[in-house]
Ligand SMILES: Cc1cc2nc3c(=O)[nH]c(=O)nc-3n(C[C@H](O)[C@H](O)[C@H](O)COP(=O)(O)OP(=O)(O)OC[C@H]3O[C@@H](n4cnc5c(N)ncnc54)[C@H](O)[C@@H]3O)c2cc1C
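To begin, one chain is listed below as structure tokens, in the form predicted on its own.
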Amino acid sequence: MSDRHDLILAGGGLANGLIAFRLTERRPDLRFLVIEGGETLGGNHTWSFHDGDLSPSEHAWMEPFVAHRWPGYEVRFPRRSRPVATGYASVSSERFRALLTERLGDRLMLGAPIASLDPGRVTLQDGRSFGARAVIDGRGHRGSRHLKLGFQKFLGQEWELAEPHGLAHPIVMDATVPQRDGYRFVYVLPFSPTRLLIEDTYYADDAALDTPTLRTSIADYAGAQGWRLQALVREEHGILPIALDGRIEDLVAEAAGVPTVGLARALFHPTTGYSLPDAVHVADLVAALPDLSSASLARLLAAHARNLWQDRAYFRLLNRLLFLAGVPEERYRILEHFYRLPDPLVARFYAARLDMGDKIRIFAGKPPVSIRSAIRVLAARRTMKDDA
């Protein structure tokens, strides 16, 4: 394997995996290497997205990754339940891994933990070192003092049931469950007539994950729905950042000139935590860049992160209301209030493409939190100078 590459992708998660796939399509002669510390690509995840999150061309090249697709979904709240007629799709880490492992061949290095990297070199923990014109760091969220976060944490279990479950569509939020540790909902994806992914999810102030309690909660929820759990297929868990505030310039500076993608660059939907659409957008940006030098990539990716941060200030404001304007057990009221809105506006929200009229409509109507609490949050001095 050559020591000198055009590009090294450090980390084999979602963001770098999609960049690698797109480069094989658009830049087949590029000499690049994906270095992943684990023994497999993509970890153990289910990534989902809405039809409106991607452009037609993005849908086209992402289609091989899609494991499941549905024409709509539903949400359930104590005082409002409804279907949403927007297509929904999921990508499994199993499908992601199989596609990329076959596509990349000897351009993939697994079981190679990274000790350090800089804009032109990656050094492994075993002492080996690999040079390149550029290195893209896609090793995931590592925490930063320049971001103020809440957390979306979950435990998911994929089950084979004893009988058909009867669901035609995903349940993206079922908040009719008892509220605890913040805003709690159950997320359900029907993969076959007898197979479900059931996730117990919390918008919480801390990242602690009580897995034994969540396993019990999933079993209780299944029982309440009349589903008989027969065989556990797999289990996944995650702790996703929800952006409340931050200093994007300092976050960019932390990378010390290394082009950075994914959660470490706050490239996720600030309110929902969905990261796949941003990863798809970035993969196209990188693959289309004529000059894949480190300096050129760093400029492109830093500018992209800054632009999205500014564009998404409204969502961070909503997050501060969600986390700071009421007692944790009442947070569900904000989402319940939101889902009174028509399907197209809901789709634009998930795609992070709200216009001014949309933003006004979201706040219209009877407030889901107390006026006094909302005013306190809105009027509070920002602790991080370049947030909106």
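Residue numbers here begin at 1 and follow the sequence given. For clarity, every value in this text was computed on a predicted model and none was experimentally measured.
What comes next is about the form predicted together with the ligand, which does not appear here.
Only one of Leu276, Ala134, Leu317, Leu308 has a non-hydrogen atom within 4.5 angstroms of the ligand in the predicted bound form; which is it?
Exactly one listed residue reaches within 4.5 Å, namely Leu276.
Taking the ligand in the predicted bound form as the reference, which of Arg80, Arg121, His237, Arg180 has a non-hydrogen atom within 4.5 Å?
It is His237.
Indicate whether the ligand has at least one heavy atom within 4.5 Å of a heavy atom of Ala112 in the predicted bound form.
Heavy-atom contact with the ligand at 4.5 Å: present for Ala112.
Can you check whether Arg139 is within 4.5 Å of the ligand in the predicted bound form, heavy atom basis?
Arg139 belongs to the contact set for the ligand.
My question is simply whether Gly262 lines the interface with the ligand in the predicted bound form - judged by any non-hydrogen atom within 4.5 Å.
It does: once the ligand is placed as it appears in the predicted bound form, Gly262 has a heavy atom within 4.5 Å of it.
Counting only non-hydrogen atoms and a 4.5 angstroms cut-off, does Leu322 reach the ligand in the predicted bound form?
Output for Leu322 is no: heavy atoms all beyond 4.5 Å of the ligand.
Partner-proximal stretch of 59-67, 335-343, 36-44, 349-357 relative to the ligand in the predicted bound form, 4.5 angstroms, heavy atom:
Every other range fails; the passing one is 36-44.
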